[in-house]
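One chain is shown next in structure tokens, namely the form predicted on its own.
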């Protein structure tokens, strides 16, 4: 899809500022990944500066991986200000059904912020859709019907839904894109799931000029991650060298290589 290569060129030209209130386990990797892909990261976490910080951003990424009461407060304040200013909000509901605290956090964020995109695994999206939880820790089981789940969850929640797994699914409740590619070694490196959400934030940045839909932007981000993961695996001995190689491939990817032929269905 030619429009995706144009979008990636625009990203690298404008270097959109992607603000994160996020998981402290993976924060460093997310910042380096956004830099490598062509954007600029910001991580201002305290609720006292939440509204001011987000005003400078091109997109806001919220991740409840290491959530605390104060961080929920910061996410709601930043999210509401972002929506007021037309800044896209992307939510990663990590371990959504694991505890009462996480359940409260995602309920507040969905109801009060109404994220533009919600990106999670099948267990997290299933929980948001119907209240069931089939996860292990903060990891989720692969569903047999991710396309259908994404379609129905998007209709119910009013957000673009992204389900990551062996085959990713993206839906706005009307269309659904299934994305092939990537490599299972991604699951051996902490932060790659969180980075999917960050990269979607980069592709959703408000300063970018494109006729692509929100679904196509999100699918483009996952396509980029999939291509780079395959190339990184080819030159890696294991998860350690893969993480470094993945950052290199994000930096080196030629926009013209962002070809969706055979990857989308």
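Computed from a prediction, not measured in an experiment: that's the story for all the values here. Numbering follows the first chain given and starts at 1.
The same protein has a further form, the form predicted in complex with another copy of the chain, not shown here; the description that follows concerns it.
* Joint contact, 28, 42 and 66 to another copy of the chain in the predicted bound form, by non-hydrogen atom at 4.5 Å -> Heavy-atom distance to another copy of the chain in the predicted bound form: all three under 4.5 Å.
* another copy of the chain isn't shown here, but in the predicted bound form which of 227, 36, 212, 208 has a heavy atom within 4.5 Å of it? -> Checking each option against another copy of the chain in the predicted bound form, the one that comes within 4.5 Å is 36.
* Out of 83-91, 117-125, 186-194, 166-174, where are the residues with a heavy atom within 4.5 Å of another copy of the chain in the predicted bound form? -> Partner-contacting stretch among the options: 186-194.
* Asked: Do residue 149 and another copy of the chain come within 4.5 Å of each other in the predicted bound form, heavy atoms counted?
  -> Contact with another copy of the chain, no.
* To do: Indicate whether another copy of the chain has at least one heavy atom within 4.5 Å of a heavy atom of residue 256 in the predicted bound form.
  => Output for residue 256 is no: heavy atoms all beyond 4.5 Å of another copy of the chain.
* another copy of the chain contact in the predicted bound form: residue 180, any heavy atom under 4.5 Å -> Heavy-atom contact with another copy of the chain at 4.5 Å: absent for residue 180.
* Although another copy of the chain is absent from this view, report whether residue 157 comes within 4.5 Å of it in the predicted bound form, heavy atoms only. => It does not: once another copy of the chain is placed as it appears in the predicted bound form, residue 157 has no heavy atom within 4.5 Å of it.
* Using the arrangement in the predicted bound form, list in sequence order the residues of 88-117 with any heavy atom within 4.5 angstroms of another copy of the chain. => Residues within 4.5 Å: 98, 99, 100, 101, 102.
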